[in-house]
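There is one chain below, alone, in structure tokens, taken in the form predicted on its own.
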């Protein structure tokens, strides 16, 4: 509860109240802010500065040197004009102090004319450089002298919300200063300090040290909520009932003996963990994570066979028709001598009605498919195991839709699989409601993939000879391009342009291209001919990123590698090196650009788990959880790389859950975690 003085009215405001309760926020401003997700007082207080401008050491205009500068000066003149050639508004000002004057320029910021009052003093911070024949300040930020704390010199910078610019939002926060004193704590156990002090110190910074401590407090809060949500999801999952599927040791032993390869120790352990889960009367909720080529499909086949032995149905969901087809073909071979009936259901399946009737009548044991499995008219007789491959590619609602297809009120056992190694910190938080099995061994015979970064000018000298060498050894090649369509204005080659270029260099080589806009039948035909060895070089977009298994492919070329994420390139690289032949990956970069840290890490390491940790630090969680239907996992403050804070929050959540009365006592906390429960739930 917060007390507020609004003129002469003494009113009581709850943090759940509408933002119109803030002095200075009328209906129009409220409408703008609500479009950015700021509905309540809590949203308002937690709309934290994205950065701070430090005005503690301004220089005089006469002493400015090229680079980042801070000055204190008056607006001598300011005006806006429309550029002739481009749809661009240019705002120019002359700023002066006792030592001289300087020009400042802003692009598409005409509001500066209203914001900056002539002859009034401001702090300005920006890049001072020589442009258009003169030295000038480029797009400097501005702060009124009165708004900057003299001691710290720090001024908050907020994200603009439509017409509510950073300076406007800052003024609204300043008007609300008195409200901060009565903000209650959210959590029972917190680091040193209080929530009201943490929020106050973030919005009204006294020093960089205090800002850091405040953000640490709020990061702990955020992690506590996320971890609590995932643990409550786990509790709810444990209340559900599932069919107990007994472990048949002798038949599983015979099945494993029939495989044309020996299981790794990691595969054996993961399979045993899954068998133990499936024996329980509560639904399994397990994530099987393994680097590319670690053998997740075989582990899923073992789980499916166990369900088949118990006369239960299995559904395997894949993100693409290519991957679904591959799973169907592999499982058909594996189950050929064991009597399991396997079917494929995709958008291209002929006579869907007949197949769906067979599924609902229980005549199909294992159904492999794409989104076609999710349609309302796809029904099962006794669905007891759901396997979701590349689970992060499906939204929460899509996964739930398949899980709800189990009859008789029983929840199916759920095995999610991903080839994107999940950093330990994410396992503790986002995936806190799952059990995790890890495949950290590659099958015997696999060799590490040699990765090299090449400039465009090195292609002829270094890459073309390697291609000739690969072709001479009867091995195959992938070449990945970013663009599908030709664009003469862009330096990026489309798959068609690159194919034509390679055909001119290697005229006797069979080269084809592939991209996502092709009809499914055409894509399937090209992949089938590539898998059979008929096509020697396949130029493709990232449609081949997941699941394509061609053991004869030993060279991967990724053009414009800087435009891809680290994890995505690692996935692409995993398309080669699947046989016993030494394999290579070349990452092509522009001639005028130094390779990024991401590419350097890829060049040094083939360890997907290490690369996942690096990717998390460089990029954040991204869509690693696949929560597209519910919005991204947008942690405002906390970092998934802060494992110490995560461990502390996890320990405190466990203590919190020991007392059921806490669920009723901490109402704001319990209502606030609902968004995290949506993001992290799988059932």
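Positions refer to the first chain, counted from 1. Since we're looking at a predicted model, the values are computed, not measured.
What comes next is about the form predicted together with a small molecule, which does not appear here.
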(request) Taking 4.5 Å between heavy atoms as the contact cutoff, choose which of 294, 384, 583, 155 touches the small molecule in the predicted complex. (result) 294
(message) Going by heavy atom distances of 4.5 angstroms or less, which of 241, 262, 103, 209 would be at the interface with the small molecule in the predicted complex?
(response) 262
(request) Can you check 109 to 117, 157 to 165, 195 to 203, 264 to 272 and let me know which stretch has heavy atoms within 4.5 Å of the small molecule in the predicted complex? (result) 264 to 272
(message) Taking the small molecule as it sits in the predicted complex, is residue 215 near enough to touch it, meaning that at least one heavy atom pair lies within 4.5 angstroms?
(response) no
(message) Against the small molecule in the predicted complex, would residue 512 count as a contact residue? Criterion: heavy atoms within 4.5 Å.
(response) no
(request) Consider residue 455 of the chain shown here, and say whether it contacts the small molecule in the predicted complex, taking contact as heavy atoms within 4.5 Å. (result) no
(message) Please tell me whether any heavy atom belonging to residue 443 falls inside 4.5 Å of a heavy atom of the small molecule, as the geometry stands in the predicted complex.
(response) yes
